[in-house]
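Presented as structure tokens, the chain that follows is alone, the form predicted on its own.
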């Protein structure tokens, strides 16, 4: 038996994305955004309403997307519930420091070990932001054999039904391989 919930924004897993920007004065800003993800081979799409972050993206033409981790859940949640329009020092309060991206006019958050550095491609009036990934940078602490190790990254996802953050689990299969067992 199934239970119907009606129309809900419950897509699983939903990454806890951290969107980094610079304002018109070069001051870094960070917001937590659950609605977004990969849009194409080298593009991301975010669904954002009116925020300081969206103003910054329009002004700078760039942004970074980092992934919240189990270790950073408290400051990542904080920057999602506090607006930079009301709390201009929220980055300091959260304990985040930044380094300017070498590839786009946006900050890399030093405490978040995996970052997509993006150039704005399109900003729709309904708040959809599409960006081209021009570089991915990863802290060496999350690499194994030169590649990102999801266990070391320890990314969290957002559970919209329970309003909770959840740590990713264990590997259960091999993409593009396990299904081949059913081919005739």
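Treat the numbers as computed from the prediction; the structure is a model and nothing was measured. Residue numbers count along the first chain shown, from 1.
In what follows, reference is made to the form predicted in complex with a further copy of the same chain, a form of this protein that is not presented.
**Student:** Determine whether any heavy atom of residue 61 comes within 4.5 Å of a heavy atom of a further copy of the same chain in the predicted complex, and answer yes or no.
**Tutor:** Flag for residue 61 set to no.
**Student:** Is residue 87 close enough to touch a further copy of the same chain in the predicted complex, meaning at least one heavy atom pair within 4.5 Å?
**Tutor:** Flag for residue 87 set to no.
**Student:** With the cut-off set at 4.5 Å between non-hydrogen atoms, does residue 55 touch a further copy of the same chain in the predicted complex?
**Tutor:** Although a further copy of the same chain is absent here, residue 55 would stay clear of it in the predicted complex, with no heavy atoms inside 4.5 Å.
**Student:** Quick one: is residue 26 in contact with a further copy of the same chain in the predicted complex, heavy atoms, 4.5 Å cut-off?
**Tutor:** No, no contact at 4.5 Å.
**Student:** Going through 63-97, which residues have a heavy atom within 4.5 Å of a further copy of the same chain in the predicted complex? Please give them in sequence order.
**Tutor:** Sequence-ordered list: 67, 70, 73, 74, 75, 77, 78, 81, 93, 94.
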